[in-house]
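In structure tokens, the next block holds one chain alone, the form predicted alone.
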Amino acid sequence: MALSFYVHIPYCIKRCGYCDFNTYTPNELQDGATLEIVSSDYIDAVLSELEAAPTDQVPTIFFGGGTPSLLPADDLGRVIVAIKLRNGISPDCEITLEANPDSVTAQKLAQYVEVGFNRISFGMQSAKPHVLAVLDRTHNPENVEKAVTMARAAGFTSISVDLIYGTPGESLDDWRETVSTALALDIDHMSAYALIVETGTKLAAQIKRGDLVMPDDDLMADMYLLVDQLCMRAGLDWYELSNWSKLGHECRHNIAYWENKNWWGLGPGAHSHVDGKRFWNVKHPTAYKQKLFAGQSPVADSEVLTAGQIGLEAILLGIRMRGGLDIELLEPYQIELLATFRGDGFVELSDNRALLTPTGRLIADRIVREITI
């Protein structure tokens, strides 16, 4: 067996207006605190939690957040070293760092490579200043190119950028410019996610007040089809609904999630899946540290997946992938339902697998819903 690790770094300098992730600014955790103060013993807590994990060999490690690139390489490197010594890593272990383009320097990037990182994912989101302003993003769009160039020079073998489409006020031409700008960079991978307005965020309040208006479904569909077309033309093939890459640069860590492999989430609010059991940690960093330093488990709750849940997730996740959905997972009535989508041009059948067409990917959730009710 193999065990992937996700390491949650819950700190950000500023909270973006659309974000509802489990992240905190230093001041939210402690009045007047600096990042150094609130994170000083955080890695110690993570290493303490690591002792509870299985000891299977590790094929992927992913540091997400938050903004992992705010922490020094030596701190993050302590986690990599501990996993290597305790579990062992595969010879081609993929070790990813999520980064804000403004938070890196050539020296920091070289140090990240030195401690073991080989893949980096930059939060680009958009190339248009007015779109970044609506998203409340802090980085200068020009810094993305600098960051990618420095990361390649530092020795990162795989570089990705994350984009968001469907921001209020973003036109199709804005989106075309963003995708084209990203593809002109020295990258191997792109993720593009439709903006989801989460309750309780600053963005949700602005939309509720009528200050901002979300784009309609037709524009969102056009934006998705455009990024797919531009990526394919640039040699990045889609391998999951929201992800495109050059051959061999797929994010193997995320594929482990989509294939329901075993993974352990280290950090507050982190989720884990081991042999059909899911569990998740307390959300607040202070509570997380207190429990671990008191010798207690940080797990907040858990669930054991039933055979029905596992089967449903295999359909839900499998259909999102380029490899498609194994027809043998379906009951005869589900295959009949799927045939109607095939007749409408949303699904293709090949080697006993159901594959979504580009327009089929637009309604993936609907297809899953209709064949699993």
Ligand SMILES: C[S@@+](CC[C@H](N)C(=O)[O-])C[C@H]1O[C@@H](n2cnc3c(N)ncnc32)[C@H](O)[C@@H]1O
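On a predicted model such as this, the values are computed, not experimentally measured, just so you know. The first residue of the shown sequence is 1; numbering continues from there.
If you look for the form predicted together with this ligand, you will not find it shown, but the lines that follow are about it.
- Proximity to this ligand in the predicted bound form holds for all of G66, E98 and D162, with the criterion being a heavy atom within 4.5 Å.
- Distance criterion of 4.5 Å from any heavy atom to this ligand in the predicted bound form singles out E198 from the list D211, D237, D74, E198.
- Of the candidates G116, G269, G166, G123, G123 is the one whose heavy atoms come within 4.5 Å of this ligand in the predicted bound form; the others do not.
- Here the chain stands by itself, but in the predicted bound form one stretch of 84 to 92, 151 to 159, 259 to 267, 188 to 196, 188 to 196, has heavy atoms within 4.5 Å of this ligand.
- In the predicted bound form, at least one heavy atom of C19 sits within 4.5 Å of this ligand.
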